[in-house]
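Form predicted on its own, single chain, as structure tokens, below.
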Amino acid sequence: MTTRPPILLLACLAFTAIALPATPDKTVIAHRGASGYLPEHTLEAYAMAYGQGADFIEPDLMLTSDGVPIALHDRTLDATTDVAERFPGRARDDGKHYAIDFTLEEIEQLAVKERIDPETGEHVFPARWPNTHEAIRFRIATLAETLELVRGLNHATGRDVGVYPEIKSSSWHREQGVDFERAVLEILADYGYTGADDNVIVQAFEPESLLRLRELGTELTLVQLIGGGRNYDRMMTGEGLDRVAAYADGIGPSMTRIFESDGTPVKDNFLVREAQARGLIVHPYTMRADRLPGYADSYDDLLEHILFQAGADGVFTDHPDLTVRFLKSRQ
């Protein structure tokens, strides 16, 4: 197992001494942790997000070959780790290294880096953590480690920060012969997350994944993600939202579903208004201070559009601290 950088982790945890939670009526979800500052889906990024005042920590989930849920956005490891150097010859025929082809023991040997485009090798977010800082070693976290971290910090600080895991590529995992949803529910149950009142929200893009969770008997809060593709257009109607409300407790739409590229509301903010009318929470994604849409003059302007003009209940953000600061300024 690799050695975690203790000085960096302690520096991230130090934020918890001074950070304040966000306002109670708007939810700040740390998208992949404080991913605007540290490599995504690492315990360091999660700890920093906690210290910055996030209400929820969001780990995307994939499975290892031995069935362990790990915090990873992509099916493959190439964009965020040194897998090609660490395990030469382990790529599939398409030249990519899939997480499900590696055991947890092997995954723990990988160094996590800031996201790159595997085709070009260029940074996706050039201003973020430099990949030249190789002396500091980050690694992929498991779901269990993430829950352990949040539980420990909640105990130490007296706060009640939640966890907001996303089940990624459910049908693809099913094709690999695994029951992803069952594996996730078992880990959550191990840490006491079993009921509707527990501070965890499970999200997925695939309705079948959320339906599978209900089939397994979970009462946890579920959120249906809504992407920008045609497959999700059917959810942008009253009938579509009725169907979602039958199995989910909220929606997580792309912000492109709320505002057009010129900043005008999509169908007069139909999605937010009608979802909330059905009792669904609305948490749009993803707010990034270093990648603003054309209609936002600043990050605060973007948040004003999404949270107050459109009326969303919360946001996924790469920059929890800036979001908390904005919300504090409006109190």
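Counting begins at 1, following the sequence as shown. Just so it is clear, the structure is predicted and the values come from calculations on it, not from any experiment.
The form predicted in complex with a small molecule is left out here; the points below concern that form.
- Proximity to the small molecule in the model of the complex holds for none of Thr76, Tyr98 and Phe180, with the criterion being a heavy atom within 4.5 Å.
- For the chain shown alone, Gln203 is a contact residue for the small molecule in the model of the complex, at least one non-hydrogen atom being within 4.5 angstroms.
- At a distance threshold of 4.5 angstroms between non-hydrogen atoms, Glu114 is out of contact with the small molecule in the model of the complex.
- Although the partner is absent here, Tyr285 lies within 4.5 Å of the small molecule in the model of the complex, judged by heavy atoms.
- Under a 4.5 angstroms non-hydrogen atom cutoff, the small molecule in the model of the complex lacks Met255 among its neighbouring residues.
- In summary, the region of this chain contacting the small molecule in the model of the complex, judged by heavy atoms within 4.5 Å and restricted to 46 to 54, 30 to 38, 263 to 271, 62 to 70, corresponds to 30 to 38.
- Leu225 is the sole member of Met235, Val163, Ile107, Leu225 with a non-hydrogen atom lying within 4.5 angstroms of the small molecule in the model of the complex.
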